[in-house]
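The chain below stands alone and is given as structure tokens, in the form predicted on its own.
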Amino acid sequence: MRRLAWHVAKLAEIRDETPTARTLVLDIPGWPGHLAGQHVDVRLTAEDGYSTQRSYSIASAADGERVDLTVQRVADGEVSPYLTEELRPGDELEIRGPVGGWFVWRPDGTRPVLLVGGGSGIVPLMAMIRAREQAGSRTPFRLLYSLREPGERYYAEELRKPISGLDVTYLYTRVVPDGWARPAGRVTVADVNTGGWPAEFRPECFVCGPTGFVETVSDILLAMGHDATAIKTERFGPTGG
């Protein structure tokens, strides 16, 4: 088994996604490449030697030694406030990865794909969307993106543009845009049935978000007859992950 090494990454660019989330564009010399859906460990070390680390999903398709991480600020967190408020272009941090080999999508896949993201769970799913586009894949994708209100949408401009073969459905749990037909509320069987794929199409299903959200969606997919082995999940707790 390949031992993961720590790399020194330099921040090249910052992109604001929402008032509390930023995408960090990192240059990582010696980066071995990654698959869509993998994540990295980020380690910060203070001057007194104290260090702490957190895991963050990769948001970008493989692009040489450049990697995008989208980080949601957690008000009482140890790492995310520094990454989203204090880090500046040219600053360095330690990265280890890529990590994970199960929650991944490979461009040679031919089965339809259903992506279901809750909040910041959109991040690894966006890497899959970008990897599909980069590879020129014609595999049909459907994305169900659940979030509290429109101002919390990640990658809003990118997903607003039509992408051939990708259907996007937004689900709002607290506040909906003016004129929005679906009332605010949590994901339901009807949402997955309308915005997803029929079980007989044998899609690959990727579900990422808070634990309760992931469990609810997984139960719905199983009840609809989807193959349990085709449902891949990634979840995080209150502090992210």
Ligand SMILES: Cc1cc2nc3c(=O)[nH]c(=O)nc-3n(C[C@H](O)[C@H](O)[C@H](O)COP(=O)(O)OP(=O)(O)OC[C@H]3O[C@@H](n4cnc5c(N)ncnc54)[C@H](O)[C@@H]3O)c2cc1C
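All of these numbers come straight from a predicted model, not from anything done at the bench. So that there is no doubt, residue numbering starts at 1 and follows the sequence shown.
Below: the form predicted in complex with the named molecule, not depicted.
Just one listed stretch, out of 181 to 189, 26 to 34, 195 to 203, 47 to 55, contacts the named molecule in the model of the complex at the 4.5 Å heavy atom level, and that stretch is 47 to 55. In terms of contact with the named molecule in the model of the complex, the residue from 93, 104, 166, 79 that brings a heavy atom within 4.5 Å is 79.
When the named molecule is considered in the model of the complex, residue 72 lines it closely, a heavy atom lying within 4.5 Å. Using a 4.5 Å cutoff between non-hydrogen atoms, residue 146 does not count as a contact of the named molecule in the model of the complex. Contact check for residue 123: a heavy atom falls within 4.5 Å of the named molecule in the model of the complex. With a 4.5 Å cutoff on heavy atoms, residue 7 does not count as touching the named molecule in the model of the complex; it lies far away. The partner is not shown here, but in the model of the complex the stretch 15 to 52 reaches within 4.5 angstroms of the named molecule through a heavy atom at 39 alone.
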